[in-house]
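In the block that follows, a single chain appears as structure tokens, in the form predicted alone.
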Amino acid sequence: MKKDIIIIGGGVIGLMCAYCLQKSGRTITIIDKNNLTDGASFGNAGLLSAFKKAPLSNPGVVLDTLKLMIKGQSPVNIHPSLDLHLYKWLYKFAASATQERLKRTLALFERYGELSLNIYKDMLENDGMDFYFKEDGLLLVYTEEKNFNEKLQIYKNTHNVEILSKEKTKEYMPIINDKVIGSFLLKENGHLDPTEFVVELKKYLEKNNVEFLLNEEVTKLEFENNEISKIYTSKSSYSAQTYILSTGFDDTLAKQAQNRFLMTPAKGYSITFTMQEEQKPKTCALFADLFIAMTPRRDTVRITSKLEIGSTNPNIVQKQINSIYKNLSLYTEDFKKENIEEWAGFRPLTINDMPIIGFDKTYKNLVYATGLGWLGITFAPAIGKIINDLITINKKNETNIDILLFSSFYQG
């Protein structure tokens, strides 16, 4: 029997597409090669950071990274590769990091960040879900005086940004030492626990008749008359009216549809642990000069960092974990970490922080929803709504204003 909509990939983007589509009365099947417990959504920092925070692709990012490399504090590692696609991505990424692009990206981030926050709140208030969610700001902590002063000129007259001295910063981050210069509290941002959220959302979807086919890998797409006619998995085959590819960094199936998007897998790390309550950060914090995030959760704290480009090794590299500890220790007092859990995973990075969303140019029943990098949690609800509207209302990319504004198909 032909299914209505099949979503390939059960990360937070795929789950939010299912959430929005089932609310529109569609019948959804989600297929994932794992059991949803170890993807990028589970290792995410949980930052909801769409407001007044520069994206990855911004002016000066290349020079700043080189400076940190010289100091041995760089969060970025680029592995040598024979894949020319990687070097094309690197070139396009550097070329897109312009002031004009930054201004446009910040405006789009605020538009879709606000939409996402409203949907998260609606899920808690009206859908009866229970996950750790705080809308209490994002603290940008600075350890370099020059960088702090540059940001001061940007933020000093900005609404919803509070400038904090070193002493005031310590009230939010009790573990910092005197090497920290100061911080900025971006009040509109927030954070959640991505593990709790994914678990809770899956329970909600199951209760609302969304079908899950887990530990089942989609291996082949079959095409006929400019449509996908059938998909083959490690266990069976299925056909549907519409297919959504939400496979994160894995573009194997996209390549079968003759697409090689300007996207690269970026490996990141997280460390989750318990610590003394009085030492925990009062809100989520980003050591902006080090690219290290520290996020309080219901019972634990999570540190996230590192950006490995060109790596294909899925395993935790202890050298990278040790580097995170070392860089953070330069600007914090000693604190005890217990019940430590370490994680590594890949995220899909586009050249300019714009997601890959919309109908395929050739196969009219194939939709893409990927490319969010580590911003998947920040924008997942918005992406789910955009994909729902595209499939149920607009039917094509050109008549959906959000696709025209936010998709890398049009913002490349």
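The model shown is predicted, which means the values in this text are computed figures rather than measured ones. From 1 onward, residues are counted along the sequence shown.
Beyond what is shown, the protein has a form predicted in complex with a small molecule; the following relates to that form.
- Taking a 4.5 Å heavy atom cutoff to the small molecule in the predicted bound form, the contact residue among 296, 113, 182, 248 is 248.
- Shown without its partner, this chain lists 55, 384, 358, 373 as candidates; in the predicted bound form, only 373 has a non-hydrogen atom within 4.5 angstroms of the small molecule.
- Contact here is defined as any heavy atom lying within 4.5 Å of the small molecule in the predicted bound form, and by that definition each of 45, 304 and 377 is a contact residue.
- With the partner left out here, the small molecule still marks one of 21 to 29, 387 to 395, 7 to 15, 400 to 408 in the predicted bound form; by a 4.5 Å heavy atom cut-off that stretch is 7 to 15.
- Although the partner is absent from this view, residue 269 contacts the small molecule in the predicted bound form, with a non-hydrogen atom inside 4.5 angstroms.
- Of the heavy atoms in residue 34, some are within 4.5 Å of the small molecule in the predicted bound form.
- Though the partner is left out of this view, residue 97 does not reach within 4.5 Å of the small molecule in the predicted bound form, counting heavy atoms only.
- The small molecule is not drawn, but in the predicted bound form it has no heavy atom within 4.5 Å of residue 176.
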